[in-house]
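Next comes just one chain, in structure tokens: the form predicted alone.
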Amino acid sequence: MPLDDPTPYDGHPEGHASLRGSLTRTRQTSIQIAEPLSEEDQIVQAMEDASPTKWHLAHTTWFFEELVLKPHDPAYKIFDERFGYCFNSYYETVGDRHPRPKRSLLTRPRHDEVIAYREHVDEALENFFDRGGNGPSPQALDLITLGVNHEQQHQELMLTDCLAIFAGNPLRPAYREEGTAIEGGKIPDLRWVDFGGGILPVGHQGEGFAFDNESPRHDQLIRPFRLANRLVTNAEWLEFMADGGYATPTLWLADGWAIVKREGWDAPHYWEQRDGVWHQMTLRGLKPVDPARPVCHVSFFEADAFARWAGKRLPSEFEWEVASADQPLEGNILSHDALRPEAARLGEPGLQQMIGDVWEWTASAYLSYPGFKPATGAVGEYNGKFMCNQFVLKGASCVTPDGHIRRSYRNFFYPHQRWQFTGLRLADDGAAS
């Protein structure tokens, strides 16, 4: 499904029209993502971290209704007063909400009622734009821009949560069947790319949309470092496993080792053995583990343990951002339609796979930048209150929407989570020998 790059509102008339088009395309894309799924598929919640597809479709609609239309459009008529309780996620300042672990109990409203809710809000947004001088104020347009980016985040979640559902189904169904499978082939040698370091600017540069956690731009001391030219592969992870990686406590942080023992981890998430052969559940169905593809669905704890086993480390988020400065913002993302990570290319100079394939774990705790101040009201709850006990990931994944990629983007998850498309790239200190 090709996706156009949403251009956020920038205060100019042409930006106004561009935002309207981005809004329409984004809303349509969510429906396209849900199309391969049955209504039964769309109500299932695989685990507490995930949400049903139907809930995602409704929650992104609630966001526009609650934060844009209700406060900024006097002509708006609420679709159903009860939906606010059902589809609020974590906005304490807005009001009470249905418990997150029990979202699969929301069999009502029915699927067709959720679709009608989306259509009602979409029509209201169109009418809001059509009223010219009485239409969206600059503040409302900024909130619509945030809503577009918020829905793109949920589009990625719709796909990762769908994978969690199908991985738990004994039939191991595919979200979408694959045509001709392309396996990775030979693995490029791991090489190192040197960076000199210095006192360097990081964070959002101020052009176009960014989430508040990407600012303020500030100077950061970065010592000389080097990055691996490609992501860690399944073949390398199999070596880690064969060498007792999941059975060697000295490789693990204490909290990570406790989870390994408690949960019985012995391989990445969604890996299973069939007739002695490792397979991995993907959005294309259950596939034999391809040695050349990047390892995926590993936690921070696993990534950190692997790096220690390899005698290296994870990069900081600032090292990754500086290293990406000359990299194109393109790669194996949602419009590429692979729906799973792809192998690095042979013979490519410099860094590969910086954008797409998997989100890359960094060693950086998710904290505020110097001078960060969250906005007032519900919008201020978007990122700032989660700046505790999580780690930053950089880049993008194979299911990240095209218009949702920036060098300064800071994804973040708890260190034990691994249902997302997460992997790693090794780093080291100093220059290559």
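Counting begins at 1, following the sequence as shown. Keep in mind that this is a model prediction, so the values were computed, not measured.
Unshown form predicted in complex with a further copy of the same chain; subsequent notes refer to it.
In the predicted bound form, does each residue in the set 54, 170 and 249 place a non-hydrogen atom within 4.5 angstroms of a further copy of the same chain? Every residue of the candidate spot has a heavy atom within 4.5 Å of a further copy of the same chain in the predicted bound form.
Which one, 399 to 407, 23 to 31, 58 to 66, 365 to 373, holds residues whose non-hydrogen atoms are within 4.5 Å of a further copy of the same chain in the predicted bound form? The contacting stretch is 365 to 373.
Verify the contact flag for residue 284: yes if a non-hydrogen atom of it lies within 4.5 Å of a non-hydrogen atom of a further copy of the same chain in the predicted bound form, no if not. Residue-level check for residue 284: no, no contact with a further copy of the same chain.
Taking the shortest heavy atom distance, is residue 105 within 4.5 Å of a further copy of the same chain in the predicted bound form? Close contact exists here: in the predicted bound form, residue 105 approaches a further copy of the same chain to within 4.5 Å, heavy atoms only.
Residue 355 within 4.5 Å of a further copy of the same chain in the predicted bound form, heavy atoms: So residue 355 does not count as contacting a further copy of the same chain.
Answer with yes or no whether residue 412 is in contact with a further copy of the same chain in the predicted bound form, where contact means some heavy atom within 4.5 Å. No, residue 412 is distant from the partner.
In the predicted bound form, the one of 127, 137, 93, 205 near a further copy of the same chain [non-hydrogen atom within 4.5 angstroms]: It is 93 that has a heavy atom within 4.5 Å of the partner.
Given that a further copy of the same chain is left out here, which of 131, 345, 82, 191 has a heavy atom within 4.5 Å of it in the predicted bound form? Exactly one residue meets the criterion: 82.
Given a 4.5 Å distance limit between heavy atoms, list every residue of 256 to 294 close to a further copy of the same chain in the predicted bound form, or none if there are none. Going through 256 to 294 in order - heavy atoms within 4.5 Å of a further copy of the same chain in the predicted bound form - the hits are 257, 261.
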